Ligand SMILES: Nc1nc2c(c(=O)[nH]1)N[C@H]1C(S)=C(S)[C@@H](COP(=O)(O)OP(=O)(O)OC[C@H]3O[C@@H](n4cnc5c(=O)[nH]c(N)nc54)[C@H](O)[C@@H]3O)O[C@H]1N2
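Below you'll find only one chain, the form predicted alone, shown as structure tokens.
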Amino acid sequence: MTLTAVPHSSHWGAFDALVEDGRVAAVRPFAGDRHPGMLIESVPDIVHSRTRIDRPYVRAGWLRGERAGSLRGGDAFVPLEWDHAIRLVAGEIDRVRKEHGNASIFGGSYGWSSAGRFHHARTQLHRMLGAAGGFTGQVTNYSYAAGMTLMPHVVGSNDCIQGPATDWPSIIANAKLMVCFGGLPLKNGEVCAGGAGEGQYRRWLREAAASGLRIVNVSPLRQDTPDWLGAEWLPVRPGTDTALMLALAHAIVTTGQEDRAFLASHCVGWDRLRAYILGESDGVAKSPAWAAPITGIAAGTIAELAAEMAANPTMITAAWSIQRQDRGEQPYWMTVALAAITGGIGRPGTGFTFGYGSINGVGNPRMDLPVPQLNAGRNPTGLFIPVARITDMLENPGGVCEYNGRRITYPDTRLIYWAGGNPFHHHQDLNRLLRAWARAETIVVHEPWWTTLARHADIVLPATTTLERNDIGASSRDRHVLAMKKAVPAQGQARDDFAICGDIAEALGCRPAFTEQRDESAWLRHLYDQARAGWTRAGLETPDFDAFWAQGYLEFPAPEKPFVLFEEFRADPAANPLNTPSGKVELVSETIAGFGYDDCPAHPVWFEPKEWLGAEEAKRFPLHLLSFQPATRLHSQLDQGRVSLASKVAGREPILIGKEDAAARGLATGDVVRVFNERGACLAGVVVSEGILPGVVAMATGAWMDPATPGEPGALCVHGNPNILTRDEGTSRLGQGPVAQSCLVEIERWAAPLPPVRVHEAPETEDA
């Protein structure tokens, strides 16, 4: 067998596609990756999947005039010729912008899309819609929306979330203790937005373990650190991280071990936060004894950990997941406060950072360099909603959303246009979304596969996968720039998003503004040359585009000096102020106080979550459901691939449950259960675990939603999508992030015959 190796990349790693007779037969990891992940094994399955969309389609009901008010998901689809499909889409854009205004076009498309920096679906779509007069867009993200909005008020930027972060060599050389709220999950280190030439996360964890660094995993799940890391597991009740942090702070302050000099010179508001911690302002001391019944952790254990944090150089880190809960801003704000109290901010290897273990690359040594990246252009309307408020927007045209000191008026959405991403993965309370989804007159989707999103669209345009086009992969968290060479022809009638949007722009009279007179090849050269100019300014010699393309990759050197977040600010806060009103760490924010939000006051506080094991509702739904990022796919990408399919239990998404809770319900590994609450229900396959807190169950997100009765909100998801169950509400009026981790459920054995999983097959079609 003669195989041709074609270099390529993805969010789950760089690889060579091994091609025979126009098909991807296998893949092998990029030669420079010493720690490749397993997800690349699914690449041949997804390129040549039976779920591929072979040509353009239109929903049969839409053709019959069933538009606004029509529940989607149960209709057959009618095949179209490309010219007809382009005319339909362009005609709808033109109709809506003329009759209702461009604000009534929602250009959603949130999601990871492609690792390629040119063929990035969301960017291509936004360029086209911007050239056509504009749209309503989205800000923040589902990963860390609450923290993303909060941190500029507290420390002046998002660097502590998005990077660069204090790097691993600095931590290993200087820290003695690492307290990890949400752990350091190994699985998340398999992926990196934009792709990575080397998965370094596993390497740094092993070096940390060998160094003697003591790591404490503060999480309901033991698996949030790998066994070989030797971490101490501190099983905390979900949703109570803020209470635990306050109690740690109380123990440090009452023993006189806070860094008073740092708090006085580099922070504002300490006196007020201290009064709250000690109970002087509200009569409730946030002591270890107070926190013990809330968190489930003994008061003595809390006091002992606090003493160690005060006595040793400590890095405090929080996973992105812990702010995806009721009042998710509070644990992030309190993380900063706890690091300020211990005095570690700006010192080598200590302080705080968010996201270690949430994605590959956080903490990797790297230079701060530009990456080749297509600009999305200007949106003439300037309108947006917080990313997780889609359902609110659809339900409440003309309603108001309070967000970060603004009052945003929801548009009257008539057209939803999605390219890249999948709201039926990311969003919460999917039954509510389905009902709101019906309010749109037309929904247009670009998709390579018959995902749940495609099945709930009106006009479906088949998009290529990355292996069917040329691109450049790059990430600000990685030291590589990677050639993504076309490996196979476009499957069926698929087209890339650039070509699709270009044809629609042509029909709308704005192609020159969209393409800037460049084709794919010219754009790749242009983007590379733009980034190369930045590399030259940084003193780096790099090859021209042709030499880079021939080589297949570019690797930058590691920095000579370890990076320490806030190091310059620590050394001289007057000369290097933070971008906050005071120039300092704002333990109390007068800006936030001025917004008047009772759900996010002037300093971090403990709010009892609406859904947690201490709530009255726990009597009816006594299990706290955590929905985590999967180890076997990236969000919902690769769900139809061999790695994801092999992880299923009886074809359903696994649910982790502790021995005690399983025994109480007569369950064993391999059983299928119905997981339910008032919002919906899904099936899942039981996996009994010793590493999960009693009263807690956990499922990965990303199984393609598969309703037993398509097109019917409230129908049982037979495949196991946990967002059927999660609550759709904002973290607060400040951040408006998702609260997926605040979710109560019950489970029961499924006794009936198992319904088939049909979402990995193409839907019904009919002739025009």
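In this text the structure is predicted, and so the values were computed from the model without any measurement. In case it trips you up, residue 1 is the first one in the sequence shown, and so on.
Keep in mind the form predicted together with the ligand is missing from the figure; the text below concerns it.
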(request) Would you mind picking the one in Gln138, Gln373, Ser627, Ser689 that has a heavy atom within 4.5 Å of the ligand in the predicted complex? (result) Ser627
(request) Consider the chain as shown here, without its partner, and state which of Thr149, Asn364, Thr464, Thr353 has a heavy atom within 4.5 Å of the ligand in the predicted complex. (result) Thr464
(message) Using a 4.5 angstroms cut-off on non-hydrogen atoms, would Thr701 count as touching the ligand in the predicted complex?
(response) yes
(message) in the predicted complex, does Pro562 come within 4.5 Å of the ligand, counting heavy atoms only?
(response) no
(request) May I ask you to state whether Gly108 is within 4.5 Å of the ligand in the predicted complex, using heavy atom distances? (result) no
(message) Can you tell me if Lys187 lies within 4.5 angstroms of the ligand in the predicted complex, counting non-hydrogen atoms only?
(response) yes
(message) Since the partner isn't included here, can you check whether the ligand sits close to all of Gln325, Glu447 and Ala631 in the predicted complex (heavy atom within 4.5 Å for each)?
(response) yes
(request) Pick the stretch from 265 to 273, 283 to 291, 174 to 182, 591 to 599 whose residues have a heavy atom within 4.5 Å of the ligand in the predicted complex. (result) 174 to 182
(message) Using a 4.5 Å heavy atom cutoff, which residues in 190 to 226 contact the ligand in the predicted complex? It's fine if the answer is none.
(response) Glu190, Val191, Val218, Ser219, Pro220, Leu221, Asp224
